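Below, in structure tokens: the form predicted alone, a single chain.
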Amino acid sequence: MENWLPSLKTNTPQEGFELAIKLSQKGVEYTQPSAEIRRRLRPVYSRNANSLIFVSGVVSNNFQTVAAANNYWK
């Protein structure tokens, strides 16, 4: 398995938010390792408002984790 996450430390909140998105994407990739299945499912959930709202919650939770790891960029 690739070591893609050397640290949760980022220089700015923007970088932290981008890391939170990447964490969310990697969570999906680990949960469903088949790129083909993910490709087939994307049209379904990408048009579903509830799915998109849920994704926002996952990203938000990951951003909270990254922000805490960075002492809220104080």
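These figures come from a predicted structure and were not determined experimentally. Start at 1 with the first residue shown and count on from there.
Keep in mind that the form predicted in complex with another copy of the chain is not shown, yet the notes after this line are about it.
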item: A49 within 4.5 Å of another copy of the chain in the predicted complex, heavy atoms; value: yes
item: Another copy of the chain contact at S24 in the predicted complex, heavy atom, 4.5 Å; value: yes
item: Partner contacts in the predicted complex for 50 to 71 (non-hydrogen atom within 4.5 angstroms of another copy of the chain); value: N50, S51, L52, I53, F54, V55, S56, G57, V58, S60, N61, N62, F63, Q64, T65, A67, A68, A69
